[in-house]
Ligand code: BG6
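In the block that follows, a single chain appears as structure tokens, in the form predicted on its own.
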């Protein structure tokens, strides 16, 4: 990105105060793939104060030079521009420091406290827990006991990666444990999906445009489909994924959060509390699924051997580090209802899966059909209008309308009004850059509150319980959309599941 484009992207952007950015699990996969590149990019955009420090907390007996070399090598792999510019790399390297020790020993936290830098009379600190959830409570306790949760000298914020528990009970326990050591206002539960530019655009679309608001309700909308399809398998996440599955990994967190943004009422302001309150109202309004209804409203499946991109692909149970008898679902779909005045009896269909034919993420609003088909002589049916938010790839919005096919007869065809989100030549920050920047600013809008997390678990818990008791899973071929049982979730809805393998923005002539 050129300097002009970088400057343009930062118009109106606030620069955070100097801060000690502390990463627990600094030698782990999340740090090298996501956090270090995000911090380097923020440094490039001048969004990290010159007096800030980036402190890695590791178990290995690393000294500072080892940590600096490690960061250099990882950035060379994942964001090479950061180190190929020597002046820029030197400024990054100056911020780096490391503390090593056992996370369960108080000595580590005494060394960490001594390593924090005071700038402009403040000692601000952000603690990023890029570590397994089993360690969250112990680290929080040690931080508090070392005086590192006290905000007397500056702000103290703790960032917690998902999973936020493994069920409703464990989520409540984790929230209670964190709140014994930090205040809710200090806790940032990170969901990288909410940091995506196209997801953030949802709120702007909803509340900065008046044209769709009169139709944004049960009178005009037939149903909503929220889909996240991945073409890859479990890759390096097998140890975690085999204990989690698609329902926990994606629907409980990402997809329910996106659904709450689609369904929420207008907040009284853009304040984080006001927005979280409206999202929470949506989650609390979701109709409970009874144990005897799980098969009616939820589907799970696991990929078997198949063909992906013309090559034979192994089944999930044949993947490295996966239990050969595993019943973990790699595909999950759920049908939920939001029982409030606006959305009563409008189905929200959430689906996600791995080893599918394409990598696609989208939100599709399907409107009701016209009350009468005046063109029945020429067309058997009038297709439903759709408003599609494409999150990946080709971020943007598409509105499908019916128009006359050129010719003598008034036959119908679809037109797609295409509104790309990205601007050629203008870069957009990655999700982790946005979220880290918001933590440094103390802006919690894009982070789930403890209550939201618990309500999300309440929604999926009956499904988890039923699947745990049943202990069997249907299979689908890797590289196929043909998932057993998914059609039954469309009962009562207009049309079928959207075909995510079709590039709908170019299926017909587009009007830009």
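Positions refer to the first chain, counted from 1. On a predicted model such as this, the values are computed, not experimentally measured, just so you know.
Keep in mind that the form predicted together with the named molecule is missing from the display, and what follows is about it.
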Residue contact check: residue 337 to the named molecule in the predicted bound form, 4.5 Å heavy atom: no
4.5 Å heavy atom contact, residue 276 to the named molecule in the predicted bound form: no
is_contact(residue 367, the named molecule) in the predicted bound form, heavy atom dist at most 4.5 Å: no
4.5 Å heavy atom contact, residue 437 and the named molecule in the predicted bound form: no
433, 319, 249, 386 - the one with a heavy atom within 4.5 Å of the named molecule in the predicted bound form: 249
Selected contact from 113, 172, 192, 122, since only one has a non-hydrogen atom within 4.5 angstroms of the named molecule in the predicted bound form: 192
Listed range touching the named molecule, judged in the predicted bound form by heavy atoms within 4.5 Å, from 282 to 290, 193 to 201, 338 to 346, 102 to 110: 193 to 201
Stretch 326 to 364: residues contacting the named molecule in the predicted bound form, 4.5 Å heavy atom cut-off: 354, 359
